[in-house]
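What follows is a single chain, given as structure tokens, in the form predicted on its own.
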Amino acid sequence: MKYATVIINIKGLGVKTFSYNIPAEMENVIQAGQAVLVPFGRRGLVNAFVVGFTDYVPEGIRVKKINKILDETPLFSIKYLKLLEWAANYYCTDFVTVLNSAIPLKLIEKNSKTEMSVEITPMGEQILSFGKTPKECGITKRQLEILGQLKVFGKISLLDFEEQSKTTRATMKKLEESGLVKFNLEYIYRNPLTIFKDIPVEPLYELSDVQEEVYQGIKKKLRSPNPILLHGVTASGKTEVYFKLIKDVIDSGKNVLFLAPEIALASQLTKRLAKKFGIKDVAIWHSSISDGEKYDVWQRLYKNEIKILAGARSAVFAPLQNIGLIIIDEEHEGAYKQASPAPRYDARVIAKRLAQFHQAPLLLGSATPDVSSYYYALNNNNLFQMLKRYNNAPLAKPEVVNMQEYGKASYRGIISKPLQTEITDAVEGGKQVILLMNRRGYSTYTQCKSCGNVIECPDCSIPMVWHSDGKKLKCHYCNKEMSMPDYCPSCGSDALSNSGSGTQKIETLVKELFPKYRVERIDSDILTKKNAHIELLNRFQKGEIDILVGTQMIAKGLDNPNVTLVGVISADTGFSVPDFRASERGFQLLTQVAGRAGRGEYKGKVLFQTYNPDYYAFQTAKTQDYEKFFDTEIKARQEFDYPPFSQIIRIILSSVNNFRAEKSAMEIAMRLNTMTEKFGFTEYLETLGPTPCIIAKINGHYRFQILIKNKLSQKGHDFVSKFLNKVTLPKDIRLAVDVDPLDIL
């Protein structure tokens, strides 16, 4: 073909293609999916992606030449491109925005890494086999020794061989010039799993009767077009069922995508996969691996050299070939949804579409399933359950510490006497403790005792959080930092006091209470160093930490049989958030963290500290009764037409000018209502608002929201999408669309 059709990597152009002439030197190497450099108007040279070829362009069009192929290995297939196009349409965003989220441009900039290797040539081997003296061979004694060493090593890195044989580059160069050794430029695969290289491969465990029954049941459903849900209580052995299914898929010649909600969990999962299947066939993908490692993993995926890809949310866009099974563990987790920036995609939704593309089954797993997932699985007869722990080990039964009774006698009003006693008993007995506080920082707000003013972020309408490690007030939304003021900015009083608690404060108090115990903290503030979370969790697993304080990161995935006590410092956190999913999230968090205790042969204990012990979601979490929680929650959802009985589409309009943001939101809501009335959709597309967002200002922008409850499924989604595509706004107004939002804050 004479011309290549390309998509220009410029936001706003969408999937419109442009034709470029293929220079003669590129004719035999250019392929669909490659990144190229092309001239584009006044912008000069820009990045583009080849999506096809043609012999035809309209008459009179002057076609420019492709300037350069940035990477000879294609980054994606045409099928992959169709997935991205679908995602752009579903999430009401620009195609190039999705493209850049899926394929980071740094992948193009990072060239492959190579190094020089060396090996003995047939001529060199002949000299060794003659058994002649070095003089007879025309080389020195040292050169003959080097040839002998190289024959033993085989092909090896030139640098490594020079170090091992204590020789120099000049000596090796002379041998190469004599034709006795050969230099090769070798491609190096940068494997982030080398930290697991010494782990011996183990056979899969034998399944219990319950696991075997579930495994066989799921196998019969693998051709189902609907997602399959495995609801298994914590420590019921869901992972072993996953592994058996993975082996079946690999043995059939297909590949597996395995998602975990967070980086720490993805790393733990990959370690377990490496133990069972070896690091050669396993790869990992998440935001913390280096660009070079991502580049190499991407290339191996595209070449179909990877059988199992494990990763966090973004791994759903990795170009894994020949998919035979997609597993999403802890499927209820909000971390699968990208809150911002656009595209605000949900890896679970993308995975469902990806499964359809590959005609592969999608298996969801959780001890506390998403209410919508459970509802759909139940109604499609695709629900499998393991409601007892492996080998019938008892679940740790949570006990309630009513802080209305114990609060005053607690240490600093935070750590109750019963929890202190249980911590002492556990650690003195050689066991370990997990303490959950689902807020990071030291104090959650700073208040003036004189006038009551709370110090808020100047750019966001939320309190600044005191962080003791950096001695700074920080905003957890815009990341603004400031020093603690000497005087109240409202009344001038010096009576400022830090209040509320975060993980830093809990860590400090626990160290004060138990100075002899080894205490560490894990939250997003400590994840600045690569693999820091892996190192910390490995130390905890080895018993080098007595008490681990953390946020929700420690509530799932940790499988440490020596943990016998879990304490939830403030079990009420989350339940009071003004959001329709607040009860579900609170129930899930408490149930999940309770599952970290008593996973081995030792009995576990869980303490929930609360000021509101009678709330229904809290009571069902205490008894770990998911079905009872679901029955109550689904009735409330149906009454108010919340998911799964509708799809929520959230439109957020913002501006530095409060009045203009509100005015724009009112205009769009009015136009949307007019359109729904015109098409007779009023009953099925309910528009709520506009109203100020619960967090009314972020990063200096005032925010108003419109909520749409779509009860028309795809038809309603397409209607709203087309409406939004026609919306034009002044330059000072920002519009964000969040399809299937996780919260409405």
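Don't overthink the numbering: it's just position in the shown sequence, from 1. Fair warning: this is a prediction, and the values are worked out from it, not measured in the lab.
Keep in mind that the form predicted in complex with ligand ADP is missing from the display, and what follows is about it.
When contacts are judged by a 4.5 Å heavy atom cut-off, Val233 counts as touching ligand ADP in the model of the complex. Mapping the unseen interface onto this chain, Leu207 counts among the residues with a heavy atom inside 4.5 Å of ligand ADP in the model of the complex. In the model of the complex, Lys556 stays away from ligand ADP, with no heavy atom inside 4.5 Å. Put simply, His533 is far from ligand ADP in the model of the complex: not one heavy atom of it is within 4.5 Å. Checking 174-182, 411-419, 233-241, 501-509 against ligand ADP in the model of the complex, the stretch whose residues place heavy atoms within 4.5 Å of it is 233-241. Checking Lys605, Lys294, Lys337, Arg272 against ligand ADP in the model of the complex, a heavy atom within 4.5 Å turns up for just one residue: Arg272. Between the options Ser165, Gln624, Gln211, Ser288, the residue in contact with ligand ADP in the model of the complex by a heavy atom within 4.5 angstroms is Gln211.
Contacts between 388-402 and ligand ADP, taken as any heavy atom within 4.5 Å in the model of the complex, involve only Tyr390.
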